[in-house]
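Quick setup: one chain, the form predicted alone, written in structure tokens, and binding and motion questions come after.
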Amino acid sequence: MTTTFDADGIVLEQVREHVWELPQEDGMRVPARVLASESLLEEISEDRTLEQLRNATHLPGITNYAVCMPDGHQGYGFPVGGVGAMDAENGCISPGAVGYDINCGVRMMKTNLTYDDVSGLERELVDALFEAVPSGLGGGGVVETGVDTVEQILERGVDWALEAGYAVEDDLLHCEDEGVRAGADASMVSQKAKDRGKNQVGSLGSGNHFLEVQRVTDVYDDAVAEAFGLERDQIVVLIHCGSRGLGHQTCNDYLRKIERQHGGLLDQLPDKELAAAPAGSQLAEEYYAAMNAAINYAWVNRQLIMHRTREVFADVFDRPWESMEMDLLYDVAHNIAKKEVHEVDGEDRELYVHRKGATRAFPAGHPNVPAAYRDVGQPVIIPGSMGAGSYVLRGGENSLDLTFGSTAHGAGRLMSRTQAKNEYWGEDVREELESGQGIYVKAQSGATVAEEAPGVYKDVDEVVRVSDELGIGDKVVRTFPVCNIKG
């Protein structure tokens, strides 16, 4: 007898453990799948995630399934934690399924410091990082420049940062796509977007973006941890931010263009936030070039924050950052669409793989995994909340079959920011984290801390357990916060 889950009329059938399917019906081009334990599915069903996932199956050219990761929650149009692969010849590309914060992502930097080296310096470190790394709404970046430089960043990505002295060669070798997307075209990004971006290069922004110093607390796979250069009690730094106002403006620009040029397609979709341009159309090509440019901008943004973090550590610990081996482990993108070749029904097909709040998780041996990690699989970084652990996984061997090579991107929200501010008081949260768990937090406002209180997120341990048991992302190490700065 088939086990089912009824979420107010949206009925999912259990295919096997942690795999739930919404059968194809009523205009759906493919079925939808949710990868979750029953407890996570209960939480996922409490907002509009399942409805949005069902709507996503209406997108032209969507292949196999629309998939929701274990950390899924409601987004704009397309659910956060959603993966959709559309045929690159006869399908579409959807800015709505990429999201406003193009290449919102996360990078982890290693050090050779231990927790004992940092203990007692937490307050000095968090104050120095907060002073040095621009954060909050509006302008202010490590670099405040002109449009000409922004255009170089858009087309050259981290290679620009290398030439400008904000990166070393090794940083590029440990970043997805070596820090530059081919096909980026700055001329496809509007003047308004460039103007918004010129004073924000190297800034955290606000919302859920953060910089966190962490220590490795658990090692689950000794061999892969060694390959990643991670060991118990090691200090690492996590940086989470995206393409700031430039990415938001770029998404908004193309949503408006789609409304004007492809209204017929838009009228066929159940939610206009899923706005998409037909594959092969001029607008699809222009959006892809602009999105790739915004991806480059976001990589440079995180690179410059990492550069500034190296300088802060050098000051606080009074030694060169190179002597602390502050090397990039990896940088992963969350909100993107990429042309990738995947096997579908025994044939290789080029697809626009949309990952919105999802992480690429290619397994060992995949040619797109950087050479440094090709023997073990790409690192996958899963941030938890301020009061919970984070994880480093590796791409699992089942990811290509189940999720077009993807897994979760974090813990996933349980409640909206508005609800969070009604239920939590920022200063109380900050004091509880410091006195109860020894975690030092500094933010631009108490409201930001309330919005990101540990209680507003799902259980990251459960999200990672499901990912690991499905074989889409395998546990390598767990980390725990030492100090955190927020916008």
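In this text, all values refer to a predicted model and were calculated from it rather than measured experimentally. For every residue, the number given is its place in the sequence shown, counted from 1.
Keep in mind that the form predicted in complex with the DNA is missing from the display, and what follows is about it.
Out of the listed residues Gly138, Gly183, Gly263, Gly165, Gly138 is the one that sits within 4.5 Å of the DNA in the model of the complex by at least one heavy atom.
Out of the listed residues Thr309, Asn208, Ser385, Gln234, Asn208 is the one that sits within 4.5 Å of the DNA in the model of the complex by at least one heavy atom. For the three marked residues, Asp101, Lys192 and Arg196, a heavy atom of each sits within 4.5 Å of the DNA in the model of the complex. For the chain shown alone, Gly377 is not a contact residue for the DNA in the model of the complex, no non-hydrogen atom being within 4.5 angstroms. Residue contact with the DNA in the model of the complex: Arg244 places a heavy atom within 4.5 Å of it. Although the partner is absent from this view, Arg417 contacts the DNA in the model of the complex, with a non-hydrogen atom inside 4.5 angstroms. Within this chain, His174 is remote from the site of the DNA in the model of the complex, having no heavy atom within 4.5 Å. In plain terms, the part of the chain that comes close to the DNA in the model of the complex, with a heavy atom within 4.5 Å, is 93 to 101 out of 93 to 101, 117 to 125, 222 to 230, 357 to 365. With contact defined as any non-hydrogen atom lying within 4.5 angstroms of the DNA in the model of the complex, the contacting residues in 248 to 262 are His248, Gln249, given in sequence order.
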